[in-house]
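Take a look at this single chain in structure tokens; it is the form predicted on its own.
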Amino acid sequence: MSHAMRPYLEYQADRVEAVLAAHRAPGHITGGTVGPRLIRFFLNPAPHTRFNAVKSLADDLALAMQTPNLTIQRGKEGIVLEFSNPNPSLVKLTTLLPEVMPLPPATALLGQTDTGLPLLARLSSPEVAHILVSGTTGSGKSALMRTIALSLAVGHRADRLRLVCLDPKGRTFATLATAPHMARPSVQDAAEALEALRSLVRVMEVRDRRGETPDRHPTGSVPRIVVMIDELADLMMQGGAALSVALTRLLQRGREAGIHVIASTQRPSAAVLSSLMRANFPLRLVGKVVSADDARIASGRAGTNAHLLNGRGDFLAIGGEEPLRFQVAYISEEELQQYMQEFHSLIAVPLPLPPTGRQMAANL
């Protein structure tokens, strides 16, 4: 936290305590965190102050603090107040990635939590396995998908991990076309996407029959396969029932064979994705959505307030008991192109941690 931020935080804490005292629901701000785009205050209420009394004052508190969005929820720290950082900072992939290299096997970098730790997702974990990314236009879905794909490629040798990219628009993974991890050129056509998924189903069945998994063959003879699907809803509408069947089979049995699906869509409604398909995405990464109903559909649970997120890479990771808020690690198209020019010399070479690098990370 910068010295310039301290007076602002002290002023906001005073405003919170003043509003609560005026409404006979006193409490004291005991601490908090300052993230790239989010500030959290920890409130210790007086013994007679009820949580619902504090929550009912959300609009009054937001008005006093002059912040457009304020969420109030229970947490391990007491009552947690979350509001936007007036001086948001960009989380850059090129800065964050060296801090977590070398990545653990089958692990992708997502971004940075509001406590300042890198957020990692280990695909081999049953709690992750497959990932569904949701959010409206401008939420940062494509940026998150590129970050996941690039971190997987940089963190793993091409003989240990292969990428299959289904990209109907042909833009999200275009820059990764020269990566040696690409099992085939990026797929845009629905018919070709169906053929790719059916091929992966056959690979899964062969591996199952032979008892072959990446974990049993750590030398790389059985590489892990990650299927990246952008605009899943668009692909499903074009591919029809046959594509849905192939994808559902991969989601149901793919993890044990070392095949993982990471897909993005604006709204994973029942009209687009079957309940069986949605149930097989243990980890949901949810960006800003339009309404509370969309937030429930995208996250698979109520009360996440995903419709109150700030957009532009502000996401919730939903898989465990409590949603985890994080900022997507961003890399611009120009930086990505420059990065790819050096890709072959960087690929799977462990980048040294800086002298003060953080070796701890939030893991999913």
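Bear in mind the structure is a predicted one, so any value in this text is a computation, not a measurement. Each residue number is its position in the shown sequence, starting from 1.
What comes next is about the form predicted in complex with a small molecule, which does not appear here.
Option from 202-210, 188-196, 238-246, 142-150 whose residues, in the predicted bound form, bring a heavy atom within 4.5 Å of the small molecule
Stretch 142-150 is the one.
Using a 4.5 Å cut on heavy atoms, which of 137, 178, 221, 95 is close to the small molecule in the predicted bound form?
Of the candidates 137, 178, 221, 95, 137 is the one lying within 4.5 Å of the small molecule in the predicted bound form.
Please identify the residue among 290, 276, 270, 90 with any heavy atom within 4.5 Å of the small molecule in the predicted bound form.
Result of the distance check: 90.
At 4.5 Å between heavy atoms, is residue 328 in contact with the small molecule in the predicted bound form?
Residue 328: yes, in contact with the small molecule in the predicted bound form.
Hey, in the predicted bound form, is residue 312 touching the small molecule, heavy atoms inside 4.5 Å?
It does: once the small molecule is placed as it appears in the predicted bound form, residue 312 has a heavy atom within 4.5 Å of it.
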